[in-house]
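Listed next as structure tokens is one chain, alone, in the form predicted alone.
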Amino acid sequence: MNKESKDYIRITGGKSLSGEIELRGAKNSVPKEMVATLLTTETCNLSNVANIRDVDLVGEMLEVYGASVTQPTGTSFQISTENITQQSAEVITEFAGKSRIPILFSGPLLHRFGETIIPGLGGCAIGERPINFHVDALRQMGAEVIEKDGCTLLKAKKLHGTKLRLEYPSVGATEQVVMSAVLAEGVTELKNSAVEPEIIDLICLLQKMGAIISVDTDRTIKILGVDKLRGYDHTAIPDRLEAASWACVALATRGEIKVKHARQQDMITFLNKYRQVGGEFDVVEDGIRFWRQKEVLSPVALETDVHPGFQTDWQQPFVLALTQANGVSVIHETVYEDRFGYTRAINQMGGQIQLFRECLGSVQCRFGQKNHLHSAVVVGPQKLRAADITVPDLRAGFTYVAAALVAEGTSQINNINLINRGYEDFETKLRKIGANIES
């Protein structure tokens, strides 16, 4: 590889890691809350912003439309979209393939301009994440969909409320409907919606702006469209997915890591499994302290699910920790059909993880009988050894790093910059907890 790019780190593992990690705003919250600034002409102030690539990308796209994006401090943004203008397909397609977030510009821009272009999408290769529901929902709300020159063009004089039901409680589809409905005419009702903490945080932000949104106990979100929204002052919630990643590092390396700003209420399901496998935690005033309670970790059975279930983004680092448990653990992935690709590298390092097409769990999920390797059996404990591996996606990348921290010898992790999509100051944090790294 080209070492001049410095898109790698070398890690010498086998060391117990301890220290403090500070969380910023969630990767799955901040970029979407930046998109919400398109719903008003007033200035918006967003605090607790992480310095990650997805935030940069949304900022760059807002600026392409003519928005003013400034940083009064290193962790806060002030955004004004008062003077934005419509852009050509040629300009917008420059963002194709870089992230899935640009599709969320659709509803807000239809309200501003009456038309918009959807660029090709990107994101982690963890399974099929089609955009058909986004487009179908906007069509049902009154948008005309035109396929032209390889782009999807949307037009609408005015969006109107409607009744929708998600086949699966997708986070992205829920965000699309909510941000499209707040300025639509009439009432929009979305059944089987996602209710992740990041969704609720977005709803709280929109309510500050003047939106009228209710969330029922049966996963139904109702939005009464309003004529105008105002600016906001908002502090994004901390990243619960990153918090769990560092907790797994403490568990796997026999260390102790305090994750500053981690919130118990966002991690209840994870914390239960963490304690069940042999980890322990202490909820303190400004975060959660994680460590390994048992000398020998216990195997567990778990199934991923939408919130409030065990989150799919917790699965990979947790599975890495399970390679150190004494016995057989069983994991059933029900959210993404191709989430176990990372296990090949862990097996290369000495792990013993076998994949199955069957639903190895109590839930007969939508991937059963469809030839997807979506269940895993992990046999431990296994002594991991160093390897030269390449990061394929964000969460798998963190898991590779965690494996290198556990393994004997020096590993080289390539394509490390991909982790910057979701983890702020990643190498600095590794050094703060005592990791032996060279970049």
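Quick note: we count residues from 1 along the sequence shown, nothing fancier. As the structure is a computational prediction, the values presented were derived from the model and not from experiment.
Not on display, but discussed next: the form predicted together with a small molecule.
Q: Can you tell me whether His134 touches the small molecule? I mean in the model of the complex, with a 4.5 angstroms heavy atom cut-off.
A: Within the cut-off, so yes.
Q: In the model of the complex, is there a heavy atom of the small molecule that lies within 4.5 Å of any heavy atom of His261, even though the partner is absent here?
A: His261 lies outside the contact set for the small molecule.
Q: Contact between Asn28 and the small molecule in the model of the complex at 4.5 Å, heavy atoms?
A: Looking in the model of the complex, residue contacts with the small molecule include Asn28, since a heavy atom lies within 4.5 Å.
Q: Taking any heavy atom pair closer than or equal to 4.5 Å as contact, tell me whether Arg53 reaches the small molecule in the model of the complex.
A: No, Arg53 sits far enough from the small molecule in the model of the complex that none of its heavy atoms falls within 4.5 Å.
Q: Honest question, do Leu38, Arg112 and Thr152 all end up within 4.5 Å of the small molecule in the model of the complex by heavy atom distance?
A: Per the other structure, none of Leu38, Arg112 and Thr152 touch the small molecule.
Q: Can you pick out, from Glu303, Asp313, Asp266, Asp201, the residue that has a heavy atom within 4.5 Å of the small molecule in the model of the complex?
A: Going through each option in turn, the one that passes is Asp313.
Q: Among Ile101, Ala345, Leu229, Met141, which has any heavy atom within 4.5 Å of the small molecule in the model of the complex?
A: Comparing distances to the small molecule in the model of the complex, the residue within 4.5 Å is Ile101.
Q: Can you say which of 229 to 237, 170 to 178, 203 to 211, 320 to 328 gets within 4.5 Å of the small molecule in the model of the complex, counting heavy atoms only?
A: Going through the listed ranges, the match is 170 to 178.
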